[in-house]
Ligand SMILES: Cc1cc2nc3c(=O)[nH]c(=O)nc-3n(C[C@H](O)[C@H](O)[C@H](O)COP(=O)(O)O)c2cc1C
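We begin with a single chain expressed as structure tokens, specifically the form predicted on its own.
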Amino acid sequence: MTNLNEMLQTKYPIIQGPIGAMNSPELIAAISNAGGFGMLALGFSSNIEEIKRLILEVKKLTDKPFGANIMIINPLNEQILPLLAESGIKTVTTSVGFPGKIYPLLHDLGMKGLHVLLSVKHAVSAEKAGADGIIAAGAEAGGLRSTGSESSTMVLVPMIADSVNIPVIAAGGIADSRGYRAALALGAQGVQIGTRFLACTESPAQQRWKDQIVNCEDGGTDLLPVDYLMMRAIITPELRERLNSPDFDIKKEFKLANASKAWESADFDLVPAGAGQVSALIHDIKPVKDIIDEMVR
């Protein structure tokens, strides 16, 4: 089996969970400089010139490897992938779609791909379709989720590790050394971290978003319908009051198209602050290097 660290060419098998409103070259470079794998979030990208700018900005700040996430449903992937390859990016993550549609092109460009998924069935299918690794996102992870029943990271990761012969990366519920070591014990070769990197010094997230993560208590997140998907978000007292109002129609109020605007401005009336259950374990804002150093100690 391929070694994940060799694929990523990093010191540690720690991948940044890409978030569309968080394309900060400073954060991406900080993660790579600290030994992890910073990630551009290009899932919804439609501006090739902006992608070029982001790549150049990251390269000004680090000479370490970094990657990018693409959504398979993005019609611009046939332009985005060659650009990434020409820029020296060797590994990407793919999500939202069947990997067989994009992996032939990805491999022809000399790149590797890690496919993000939520079930054993899709992991087996992704391996057959050519995925070079699997990112297994447990039900406790933040952000967009499916509308079906899902397994927790503790259950999903070993099931997938037992079912495929490619590297497995654990995502969901990991914020410190305990979660990192647990993921490796479950059969993962590495981890993908989202919420913990949202709440770091270099994160461009609005302070209000960071504060909601730090102040989140046990049971403080929930799955909310957003268009045709579910999204795990922080349920503040104010949001709970809105949800309990008989006049509030959640399916009309929260739209995925408004997510970037909401998160960039901290206008969480548009779309709530996305975050994982692990928010309840995060009690401070500190530099990326300190987070990664503690995780691998």
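When you see a residue number, it is the position in the sequence shown, counting from 1. Computed from a prediction, not measured in an experiment: that's the story for all the values here.
Below, we turn to the form predicted together with the named molecule, even though it does not appear here.
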TODO: Tell me, out of C216, A188, I193, L114, which residue has a non-hydrogen atom within 4.5 angstroms of the named molecule in the predicted complex.
DONE: I193
Task: Heavy atom of G274 within 4.5 Å of the named molecule in the predicted complex - done: yes
Open item on the list: Even though the partner isn't displayed, in the predicted complex is I19 close enough to the named molecule, meaning a heavy atom within 4.5 Å?
Closed with: yes
Open item on the list: Is it the case that E140, even though its partner is missing from this view, gets within 4.5 Å of the named molecule in the predicted complex, heavy atoms only?
Closed with: yes
Open item on the list: Is W209 part of the interface with the named molecule in the predicted complex - any heavy atom within 4.5 Å?
Closed with: yes
- [ ] Choose one stretch from 221 to 229, 168 to 176, 80 to 88, 200 to 208: the one whose residues place a heavy atom within 4.5 angstroms of the named molecule in the predicted complex.
- [x] 168 to 176
Open item on the list: Within 4.5 Å of the named molecule in the predicted complex, counting any non-hydrogen atom, which residues from 60 to 74 show up?
Closed with: N69, M71
